[in-house]
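Starting off, we have a lone chain in the form predicted alone, written out as structure tokens.
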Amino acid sequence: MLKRVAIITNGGDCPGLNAVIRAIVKTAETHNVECYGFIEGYKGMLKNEFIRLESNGSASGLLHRGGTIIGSSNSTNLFNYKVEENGIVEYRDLSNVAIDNVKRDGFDCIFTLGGDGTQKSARDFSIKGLNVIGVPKTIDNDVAHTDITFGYNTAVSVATEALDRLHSTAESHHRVMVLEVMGRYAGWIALESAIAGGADVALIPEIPYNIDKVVEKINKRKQAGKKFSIVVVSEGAKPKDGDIVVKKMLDDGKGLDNVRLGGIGEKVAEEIEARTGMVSRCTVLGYVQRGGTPTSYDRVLSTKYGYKAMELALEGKFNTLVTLKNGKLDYVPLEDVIGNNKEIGAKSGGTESTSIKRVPMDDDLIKVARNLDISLGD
């Protein structure tokens, strides 16, 4: 019988995290279960730093708040944790330290709010005996086996507003405006915001682009009297026979995505200007996409996910991920979420063995874009 549960929010901050926390806490209190929050994600499990969460106290007034009240970490893999002593850096498996903390604290279940990397570690902890329930969080919408992750709708809304604003500048100055959006190795944000924002070109990781096709689209518009164009580029997009543009390589150790993407938008803008003679400018939306107030859709989705997570815990259905399939709340084993990425402590995201959800070529968004004459660069 559940008595005490704990929540971690891990990975990048995301609109809706606080709404999930609120829903878990309120549902827990309905069933006389105490709720706590580890500070800064998996790092809090290692340091055993946590706070009590109560709906009439620390977990009050959260629906509209962005970020996370218990903090987060996107550079912590406890199965290969970076330790520096006397100027010497080494990596150690400290997962058992965290497990011992959880057991001593008397937590019957840990809720892991995060994306594919967070859920990979959640699966690894479940193998070692912890009761874990994952909640799919990421603006990238790339967690496998769920239709939509919370935070995604807000990110698309922010990107769409940016496109609306760039339209007026592009039209006024007869320019090509390029918007680089987040998404890592999946093109959901770029594709959906391009459709919502009336873009002319959308370049996504799933379809390596031919710059000649992009230029062809822009020149065609110019010949038809349209003296401006709008291009949306996902940060993970890459040219045919080329590779992704890397802004920086991190040194956070095995098991984490050490590639920081960025710069593809500027590259595309430069190539367009050189080939068309039209002034081209790039705007990188960056962290604006994942900060601030969640949309009403994300508030409701987050609340549904939080309630369902607590319900699964009360039913003893551990080591699972809450999902939304065909409009219905459901769950799948964490083993299914990580795909072929079976090794404990292994890398998440961007590899053949991982199971992130990319845009399939038969997706309705692809069909809609093509039929609206949005160039996908192929």
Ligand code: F6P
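Fair warning: this is a prediction, and the values are worked out from it, not measured in the lab. Residue numbers run from 1 along the displayed sequence.
Beyond what is shown, the protein has a form predicted together with 6-O-phosphono-beta-D-fructofuranose (F6P); the following relates to that form.
**Q** Heavy atom within 4.5 Å of 6-O-phosphono-beta-D-fructofuranose (F6P) in the predicted bound form: which of Ile264, Ile204, Ile139, Ala199 fits that? Just give me the one.
**A** Of the candidates Ile264, Ile204, Ile139, Ala199, Ile139 is the one lying within 4.5 Å of 6-O-phosphono-beta-D-fructofuranose (F6P) in the predicted bound form.
**Q** Consider the chain as shown here, without its partner, and state which of Gly151, Gly306, Gly183, Gly114 has a heavy atom within 4.5 Å of 6-O-phosphono-beta-D-fructofuranose (F6P) in the predicted bound form.
**A** By the 4.5 Å heavy-atom cutoff, the listed residue in contact is Gly183.
**Q** Taking 4.5 angstroms as the heavy atom distance cut-off, pick the stretch from 165-173, 286-294, 216-224, 83-91 that is near 6-O-phosphono-beta-D-fructofuranose (F6P) in the predicted bound form.
**A** Going through the listed ranges, the match is 286-294.
**Q** Does Arg260 reach 6-O-phosphono-beta-D-fructofuranose (F6P) in the predicted bound form, with heavy atoms at most 4.5 Å apart?
**A** Judged by the heavy-atom cut-off of 4.5 Å, Arg260 is in contact with 6-O-phosphono-beta-D-fructofuranose (F6P) in the predicted bound form.
**Q** Would you classify Asn131 as touching 6-O-phosphono-beta-D-fructofuranose (F6P) in the predicted bound form, given a 4.5 Å non-hydrogen atom cut-off?
**A** Answer no; every heavy atom of Asn131 is more than 4.5 Å from 6-O-phosphono-beta-D-fructofuranose (F6P) in the predicted bound form.
**Q** Is there a heavy atom of Asn74 lying 4.5 Å or less from a heavy atom of 6-O-phosphono-beta-D-fructofuranose (F6P) in the predicted bound form?
**A** Answer yes; at least one heavy atom of Asn74 falls within 4.5 Å of 6-O-phosphono-beta-D-fructofuranose (F6P) in the predicted bound form.
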